[in-house]
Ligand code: PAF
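For reference, the chain that follows is the form predicted alone, supplied as structure tokens.
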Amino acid sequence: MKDGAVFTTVESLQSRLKSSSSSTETALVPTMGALHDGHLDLVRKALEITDQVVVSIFVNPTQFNSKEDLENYPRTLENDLKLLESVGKVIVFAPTVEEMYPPDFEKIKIDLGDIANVMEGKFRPGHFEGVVNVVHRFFQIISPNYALFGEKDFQQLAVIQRMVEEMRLSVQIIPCQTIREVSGLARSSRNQRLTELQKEQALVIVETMNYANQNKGELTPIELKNLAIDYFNQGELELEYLDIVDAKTLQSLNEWNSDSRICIAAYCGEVRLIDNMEIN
């Protein structure tokens, strides 16, 4: 990278960060690479907050439930660096698995409560344990003042916020809105594995969420959920879950409140996609 720097070891990254002024604040944008406009939007927002932005690029094996999914996850480091270069001066941390999880690595144990047991937690057992451990490890290494996460992974965002609260960490978590294609499809690294036809078929996800919003009317959350499932099943994707939840607790809603969200996970061929939207 012309304007930034790429570090692959904890020691070299920390040495770089320590060379900055003690008053310099650091923002972290954690990614698993295969960057797209959604990631770049997070980086731009981070650069608005502070000049020192660390973008981590690490495909974390501990948060995958499927060996095949881990192996097939796109890895495009060279292109990622070019994209980051186009945004601004950032520090890239691209460690190996051995660097992130040395022999003396100790997992953190934290009670995430019910928010980690539903939806993604139900269908991907152990996933959030992997998420909190890798994010906590980044926090330990980098000591960021801010960390930015996209709302597309809404449950992940809630889990990380819970971890920060429970462990009383000093980092400020900054949620950022989901970035979408012109078609409405949420930007995702997994989209790289979709054919053009599959991208069209995947639009049933956002179409279902919009349909739910348009048809809320006098329906209860449960009635609207069932209506949305019926609508979704007219498409080509295989539904894993669709739920309407409280945005804070992530528990299924029986009655409407002021902060409701529809969340969907589905398979488009072999590719698992997730999305969510506020219910107005």
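All residue numbers refer to positions in the sequence shown, first residue = 1. As the structure is a computational prediction, the values presented were derived from the model and not from experiment.
What comes next is about the form predicted in complex with ligand PAF, which is not displayed.
Out of the listed residues 84, 209, 131, 116, 131 is the one that sits within 4.5 Å of ligand PAF in the predicted complex by at least one heavy atom. A heavy atom within 4.5 Å of ligand PAF in the predicted complex is found for one listed residue only; from 156, 191, 198, 178, this is 156. Residues of just one listed stretch (43 to 51, 216 to 224, 232 to 240, 59 to 67) have heavy atoms within 4.5 Å of ligand PAF in the predicted complex: 59 to 67. Put simply, residue 26 is far from ligand PAF in the predicted complex: not one heavy atom of it is within 4.5 Å. Interface membership of residue 139, defined by any non-hydrogen atom within 4.5 Å of ligand PAF in the predicted complex, is ruled out.
Mapping the unseen interface onto this chain, residue 135 counts among the residues with a heavy atom inside 4.5 Å of ligand PAF in the predicted complex. When contacts are judged by a 4.5 Å heavy atom cut-off, residue 149 counts as touching ligand PAF in the predicted complex. With contact defined as any non-hydrogen atom lying within 4.5 angstroms of ligand PAF in the predicted complex, the contacting residues in 29 to 54 are 30, 31, 32, given in sequence order.
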